[in-house]
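One chain comes next, on its own, written out as structure tokens in the form predicted on its own.
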Amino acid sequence: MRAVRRADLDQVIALDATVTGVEKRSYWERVYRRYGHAPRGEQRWFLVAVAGRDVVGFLIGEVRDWEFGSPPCGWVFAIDIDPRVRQAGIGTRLLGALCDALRAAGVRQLRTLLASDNTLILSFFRSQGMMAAPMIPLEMDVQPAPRARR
């Protein structure tokens, strides 16, 4: 388990594509620029689990301050484990490393957001002790702007 390196990015992208079925290279390059090199004082973590030379899992999290009126808390916004090595405790170790960093930062709460039909990741987070939060996610479709009249 260690911080991500630029040389890991292709494997992170491939792992995400394996899990989600969609390759998102430009997205992951932006994520790497933001989370791969946390400037001093920034509380961001992009961790990878490595077996030999292979990235077999990754987790990205950060501390967010006062979003939605909440005191500083940790957020996990990405976690993926290579399907060939699931059930080996890699996700637990990645999440544990993030929790250790959050404790060191004085943060006492961790949150995430996931699709309600993603039972795999929901089961993982529940197995780690996460429960439904007293927050309600809301969303709406943003309709295309009406065409301007000429």
Partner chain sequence: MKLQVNTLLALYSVLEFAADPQRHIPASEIAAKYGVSAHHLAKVLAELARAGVVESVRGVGGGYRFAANAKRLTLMDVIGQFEDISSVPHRGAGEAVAPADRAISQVLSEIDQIARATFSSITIATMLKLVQKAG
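Remember, it's a predicted structure, so these values are computed and weren't measured experimentally. Residue numbers count along the first chain shown, from 1.
What follows is about the form predicted in complex with the partner chain, which we do not show.
Novice: Do residue 25 and the partner chain share at least one heavy atom pair within 4.5 Å in the model of the complex?
Specialist: Contact check for residue 25: no, nothing within 4.5 Å of the partner chain in the model of the complex.
Novice: Is residue 122 close enough to touch the partner chain in the model of the complex, meaning at least one heavy atom pair within 4.5 Å?
Specialist: So residue 122 counts as contacting the partner chain.
Novice: Just to confirm, residue 18 within 4.5 Å of the partner chain in the model of the complex by heavy atoms?
Specialist: The answer is no: residue 18 has no heavy atom within 4.5 Å of the partner chain.
Novice: In the model of the complex, does residue 131 come within 4.5 Å of the partner chain, counting heavy atoms only?
Specialist: Close contact exists here: in the model of the complex, residue 131 approaches the partner chain to within 4.5 Å, heavy atoms only.
Novice: Want to guess which of 54 to 62, 28 to 36, 114 to 122, 41 to 49 is within 4.5 Å of the partner chain in the model of the complex, heavy atoms only?
Specialist: Of the options given, it is 114 to 122.
Novice: Since the partner is left out here, which residues of 22 to 39 would have a heavy atom within 4.5 Å of the partner chain in the model of the complex?
Specialist: The stretch does not touch the partner at all.
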